[in-house]
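Below you will find one chain, with nothing else, as C-alpha cells; this is the form predicted alone, and questions on how it binds or moves follow later.
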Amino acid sequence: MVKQTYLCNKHIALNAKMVDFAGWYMPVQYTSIIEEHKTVRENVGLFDVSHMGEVFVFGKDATQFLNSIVPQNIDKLEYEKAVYCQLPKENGGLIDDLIIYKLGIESYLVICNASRVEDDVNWFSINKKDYDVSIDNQSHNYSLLAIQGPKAIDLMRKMGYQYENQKSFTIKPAVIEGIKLLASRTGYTGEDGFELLFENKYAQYLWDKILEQGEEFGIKPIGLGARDTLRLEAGLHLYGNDLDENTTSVEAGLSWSVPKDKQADYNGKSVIMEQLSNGVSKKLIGLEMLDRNIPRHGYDIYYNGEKIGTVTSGCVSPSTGKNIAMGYVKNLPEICTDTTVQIMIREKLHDAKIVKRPFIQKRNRV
C-alpha cells in the first residue's frame, strides 16, 4: 500500500500530478517543473518532504554510538549544530546518507531518506550492541516542510521567526504561527532556506499559512520534479541514483565529509581510509552534453570506444539551459575536467564534456 503524507489532499486539491515515490504518494509537479524550479531560484518555494524519516537517538551513550557508525566526528558536534554524513557498511558501501542534528546533551535527531528509513533503523539496532542508547523512529508522527529560495528568510521573518541570523546547518526550537516546531537552516536545492519539523496535526494549517503569507514573495508549492533538477544543478547526491551500497563516500566525491583524524572506529573505516590514501578505481564526475540530447540514469559512458561508466542522474538544467548529468567512471588519469567523452543515447554515441560540480553557484551558506 502506498503511503500518504498528511498533506496529500492539499496536493490533489492543487491539481498536482501525483506519483509513487519510495512508497509514498507524492506530487511530482503542480504546474511545470521549469516554472517551479525558477520559482525556487528567484523567489521562494514550499515543499512537502514529510516522506523523509525522523529518528531520535538519545541516552547516556548516544554520542559514542553515533560516532561508531558514521565517519563524521559526532563527539565534536556542538549543540544545535547539524552535520551531513553517510552510513557505511563494513565494506564502505553506503546504506544511506544522513543529516544529524544535536538537540541536547546526548540527544540527536537523524534525518533519513524516505526509501531507507527501515534499513537505517535496522542497522542502528544491529550496531546498538551494549550501548546505553534509545533509537526512536518517529517518522510516522512528524511532518516536514521545506521553505527554499532567496526570499525564504523574508517569509520566515514575516511569520515571526526570531532567528533570522541563524547560520547554515543549525537547528532551533521555534514558534511559527503559534506552532511549536524545530527549524533548521538546511535544504536540498542549493539555495538558502529552512526545513520545519512539527507534529502531523499541524501540517495542513501550516501549509495553508505559509502559502498565504508567502504570496507577496511569489511563493509556489514545488513538486519532486523540480526538487530533483534543483539538487542536480547544485551537485547534490540522490540515494539510489548517485549513492548506494556498492559505492563509498570517497568514490562519491564526499571525502570532504570524512575527517582524516577521527580516532574512533566505525564500519568501513579501513576501506575508506585506504581509498583516501591510495585512490579509488571509480569516481563520480559531472557532465555537460555538447548537443541537445538529454542524458538519463542508466545510460552508458564511453571513452575512445570503451565503456568506462554509467550515468546516475541527468536532466535539462532550467537555470543554464544545458543538459547535465552525473555519473561514475573508471578513475583513469585522462578522465578529467574538460575531457570529451560519449554517452550512448538511443543506440548512438553523443559527445559530452566533463565539468566541475556543482553546475551552478550555490547560495545556501549563511
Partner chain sequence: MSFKEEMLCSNSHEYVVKDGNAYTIGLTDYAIEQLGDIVFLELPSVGDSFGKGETFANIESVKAASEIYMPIAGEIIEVNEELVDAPEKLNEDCYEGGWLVKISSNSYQQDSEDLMTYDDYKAELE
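Here the structure is a predicted model, which is why all the values come from computation and not from measurement. Residue numbers count along the first chain shown, from 1.
The same protein has a further form, the form predicted in complex with the partner chain, not shown here; the description that follows concerns it.
Asker: Taking the partner chain in the model of the complex as the reference, which of Ser32, Thr310, Gln64, Asn43 has a non-hydrogen atom within 4.5 Å?
Answerer: Spelling it out, the residue with a heavy atom inside the cut-off is Ser32.
Asker: Just to confirm, with a 4.5 Å cut-off on non-hydrogen atoms, which of Asp120, Asp242, Asp228, Asp192 contacts the partner chain in the model of the complex?
Answerer: Exactly one residue meets the criterion: Asp228.
Asker: Looking at 228-236, 180-188, 151-159, 202-210, which lies within 4.5 angstroms of the partner chain in the model of the complex, counting heavy atoms?
Answerer: Checking each option against the 4.5 Å cut-off leaves 228-236.
Asker: So, in the model of the complex, is Lys10 in contact with the partner chain at a 4.5 angstroms heavy atom limit?
Answerer: So Lys10 does not count as contacting the partner chain.
Asker: Can you check whether Arg357 is within 4.5 Å of the partner chain in the model of the complex, heavy atom basis?
Answerer: Judged by the heavy-atom cut-off of 4.5 Å, Arg357 is well away from the partner chain in the model of the complex.
Asker: May I ask you to check whether Asn293 falls inside a 4.5 Å heavy atom distance of the partner chain in the model of the complex?
Answerer: Although the partner chain is absent here, Asn293 would touch it in the model of the complex, with heavy atoms inside 4.5 Å.
Asker: Answer yes if any heavy atom of Ile335 is within 4.5 Å of a heavy atom of the partner chain in the model of the complex; otherwise answer no.
Answerer: Ile335 lies outside the contact set for the partner chain.
Asker: Only counting heavy atoms and a 4.5 Å limit, does any residue of 327-349 reach the partner chain in the model of the complex, and if so which ones?
Answerer: Counting only heavy atoms within 4.5 Å of the partner chain in the model of the complex, the single contacting residue of 327-349 is Arg346.
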